[in-house]
Every structure is written in structure tokens, then in C-alpha cells.
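The data below hold one chain only, encoded as C-alpha cells and taken in the form predicted alone.
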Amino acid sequence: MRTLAKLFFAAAAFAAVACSSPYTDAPIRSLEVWPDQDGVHINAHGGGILYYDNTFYWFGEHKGERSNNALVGVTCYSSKDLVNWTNEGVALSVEEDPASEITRGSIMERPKVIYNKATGKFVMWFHLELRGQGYNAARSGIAISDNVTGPYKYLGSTRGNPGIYPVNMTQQEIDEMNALNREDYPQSWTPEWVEAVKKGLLFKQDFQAGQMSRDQTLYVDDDGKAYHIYSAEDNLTLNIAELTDDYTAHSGRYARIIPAGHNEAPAIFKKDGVYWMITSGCTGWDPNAARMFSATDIFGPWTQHPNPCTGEDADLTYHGQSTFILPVPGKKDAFIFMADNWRPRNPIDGRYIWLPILFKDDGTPYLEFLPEWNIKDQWK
């Protein structure tokens, strides 16, 4: 009888969860205008989503009509069902002080927010470029808040792990790298130069000051450890850096992966003990073919797979570029691939591409372009 009672209550609990699912049959339509509660197109580009207290919070770049520079800051939208969105305002505002790193006219890209259960703080990381310096600064900005929607307090910026060698670099590799000299490779993109970059030519250049940090994302693993994944070495190499326990700094443990691969726009998820990462090539605002990698340890080694996109416009990632992969709460093995359809001539009109990640029989992820789909029917 006890066993039957346990089964009954377990079934009842499952049914209650199923009945209380927030997802509707309202469609997700990629590349169309996505209105907020006031009918205004959502302005949260290069963004990511935090699921907290049964609510989704979407953080992204506020774009203007003629500029990709930060004129407002990082915006936040909330939703219960991933379809109907409420504008929660500006989570992190630009500052008017011209001496501030996040002064109006700086560049604040690809913001991601994670929650630290131990400290009770919401922590935001983003790619920061200083005003008037183009993309030369290549820094990571960090901000925190007691409230998920903000306001966030800017803590400062950093470059990646100055003066620290990666955990996946042997002493022999370190010695070979230190023997490299930039003047021996006056011409870029020759086979010899590419090989030298793989061995650490550009890494050595930034070793003391810290590695560049441009396109980036955050990932919190099953054990609560958080990682910062970012493009370094002029976007030629990716770094995966463990964060401190409070998520506000690098711990000093990191890996240098896919050297000279020229990857940006990293987005990551984990399924059945395997980490999967989708990236893009580096072609400015123009779309290109996505790349995909996998590993059983987040520090690697990482193995490259074919382009995960299939069908028409697969070689252009359906005219988008990856920004985040969202695990769907309450749905088994359900992940949403999020991408941006950039429109540099009118940045505020940039559109969004959200697609369910599908899996082959061998467990390999892939994508199909669906102009219209809904979460409720996709994962029953």
C-alpha cells in the first residue's frame, strides 16, 4: 500500500506540474517584429536569458537607429511563457561622466546575467569597448545587483587572466610559445603565421596585460561553478575561464581552446554529460556558417563537428548569429538556440531567430529553420 501511495502522489505531482506549465501554443516567429506589452519591438540584442523565480529575464543591448554604440545601456524584459514580454526598463545605464568606462558612446555588447545563490547577487558580464577607441580595449565589464531587473552597479572591467598560463598548456608548449617572436612573422594569414598563432604568438603578446575579451557568454554548470567564455587573440582563439565563487572575477583557471580557429559568438549547453558549443566565424555584421564543438570536460579537448544548420540558408545560419542557448525549464532535453539577425543600417530594427535544438539518433544536435513553432507542441 505504501508503494501504491507513493506512486499515486508522484503521479499527482507530475500532473500538477504538467497542468501548471506556463507555455502556450502561441507561436514563436523568427525574423519578425517581436512586440513588448506596449507593441514596441523588443530592443535586447546580443542577449541572454536568466530563468529566476518562475520568470524569464531577457537582457540585451539597447540599439539606436543609426548607432551600435551604447547610448542607453543594457535593457531587461520579463516573461512567464517566452512569448509575451514586458519591458522592465534599463538594467545597467550608461553614465554621463566622460571619464567613466561605460560613458555614453562606449560599446557594451552581449550582456549575460547569472544568479549567485550563495551571495544572493545577480551578476552581469558584458563585452566592453572604451569610447573613442574602436575595438582596441577588448575588455569584460562586470556589474551586480540585489534585484534581477536592476539597477546594476558597475564594478569595473578586466582583461582575461593576466600573467597566468592556461591549464591545458604544457611546459613544453609554454617554452615553444616563449621562443616565438612577432617580428619573425611580418605577414598575417600565411600558413606559418597561422601555425605560430596556434602555438601562442598572439597569446604571448597579451600575456602580462591579460587576454582580449570580445564576444562572450556565461555558463553555470551543474555543480554551481560558473564560466566565462570569450573570444581572445583578435577573435582567433576562444578562452573558457572559471569564475570565482561570487562570479565577479576570473579564478585563474582557464583553457585556451580552438586556437587560430577564428570563432566568435559562443553559445553553450550541456546534455547527457557532453558540452556543446555553437559559434560563428568572423565576418563583421554579415552572417556566415555556424560552427559546432563538443567536449566531455569544459576545459576540453574540444572536437569540431559539421555546421549544425540544415536546409536552406544553412551556410548563413538562417541570416543570424548565435548569442545564447536556453535550457527550457520543465521540458526534458529541450533547448532553444537564440540568434540575432543584425541590421547595421538600422540597428534598432535587428530581429531575432529562436529555434528548437533537435538531436540525431547518435545525440548530435542540429537545427532546422522553422518560421513558426511553439514550445507547448515542440516538447510535450
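All values derive from a computational prediction rather than experimental measurement. Just count from 1 along the sequence shown to find any residue number.
What follows is about the form predicted together with beta-D-galactopyranose (GAL), which we do not show.
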* Proximity to beta-D-galactopyranose (GAL) in the model of the complex (heavy atom, within 4.5 Å), stretch among 183-191, 69-77, 284-292, 153-161 -> 284-292
* To do: Could you spot which one of 110, 262, 139, 256 gets a heavy atom to within 4.5 Å of beta-D-galactopyranose (GAL) in the model of the complex?
  => 110
* Is it the case that 135, 215 and 321 all touch beta-D-galactopyranose (GAL) in the model of the complex, with a non-hydrogen atom of each within 4.5 angstroms? -> yes
